[in-house]
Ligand code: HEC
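Taking the form predicted alone, here's one chain by itself in structure tokens.
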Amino acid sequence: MIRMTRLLALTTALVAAPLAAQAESWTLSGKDSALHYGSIKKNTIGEVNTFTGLSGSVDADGKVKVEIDLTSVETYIDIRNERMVEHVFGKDNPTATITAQVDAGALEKLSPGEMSVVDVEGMLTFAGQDVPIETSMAVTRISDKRAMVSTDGMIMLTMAELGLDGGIDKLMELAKLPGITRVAPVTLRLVFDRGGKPVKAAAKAEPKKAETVMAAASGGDAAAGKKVFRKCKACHVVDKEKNKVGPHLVNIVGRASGAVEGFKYSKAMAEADLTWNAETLAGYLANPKKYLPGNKMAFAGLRKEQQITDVIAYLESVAK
């Protein structure tokens, strides 16, 4: 099994080529880079989460430093983000750091369009621990001043390597879950610019509360909503009339509540007199339990209004 430390060490592989072959520094582009990981709860519900805060550089002497902002974890549920930071990573350990030294003359320069699989060794500093690391990554030269590194196959992350099992136990307790897997698949995409300045991912502006329904009705960002809907895919589908843990959402906008044949609704939902539109969906998605007490949907709700707006736009866009 690949060590958890190897996952975080993937970032260092970029410098093995073509970065180290150039006598000037390289800077990671946070807005173009991504680290995604998957998790499974209750043995059947799969989710995809990410870290949005990535930064790093490689200097002219081949010294590598890459940082992962652990507080930037994005699970698309605010309360879960907070619990991950507090109980899994720890508030006193907001950053994981990778350092390495590479031989600037060890590898030849890659030409634009060329790709190479490279190996690298370094050190991971996490929660005050220094752990030796080694891994391999696929490096692609995009242009003379830009290169990309990505995972060479599936990377499996284990919780026990850095002592995170206790935090996972706490998450299970707080969320009242029977189980959360202790191994997670991970994918990584890192883009470095030669001689560039750090570029962070742009934060979306949050709309004012009164604007949420209007924005949804006028067409939120359906593409962004599709990404947020990944959180819902374990229980719902939008492309076919097939029920899973929850009812299908085909043509949900404009549909009466509790109307899908063959699905066993809670008494609260079955007796509700609702029509799913921008307004009712916005209220329900924000806090299902509060909006309709007694319903059996386990999802806690989307805390960011822009995400609600975008999901509704996505549901509207896939209507048949």
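Please read all numbers here as calculations on a predicted model, not as lab measurements. Sequential numbering from 1, following the sequence displayed.
FYI, the form predicted together with the ligand isn't displayed, but the following is about it.
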4.5 angstroms heavy atom contact with the ligand in the predicted bound form for residue 295: yes
The ligand contact in the predicted bound form: residue 266, any heavy atom under 4.5 Å: yes
The ligand contact in the predicted bound form: residue 282, any heavy atom under 4.5 Å: no
Contact test in the predicted bound form: residue 255 vs the ligand, heavy atoms, 4.5 Å: yes
Stretch in contact in the predicted bound form with the ligand, which is absent here, among 85-93, 183-191, 159-167, 227-235 (heavy atoms within 4.5 Å): 227-235
Position in contact with the ligand when the complex is considered in the predicted bound form, options 115, 127, 245, 79, heavy atoms within 4.5 Å: 245
Sequence-ordered residues of 58-94 touching the ligand in the predicted bound form, heavy atom within 4.5 Å: none
Pair residue 280/residue 77, Cα separation in the predicted bound form versus the displayed form, closer or farther by 3 angstroms or more: closer
Cα-Cα trend for residue 226 and residue 85, given that in the predicted bound form the distance shifts by 3 Å or more: farther
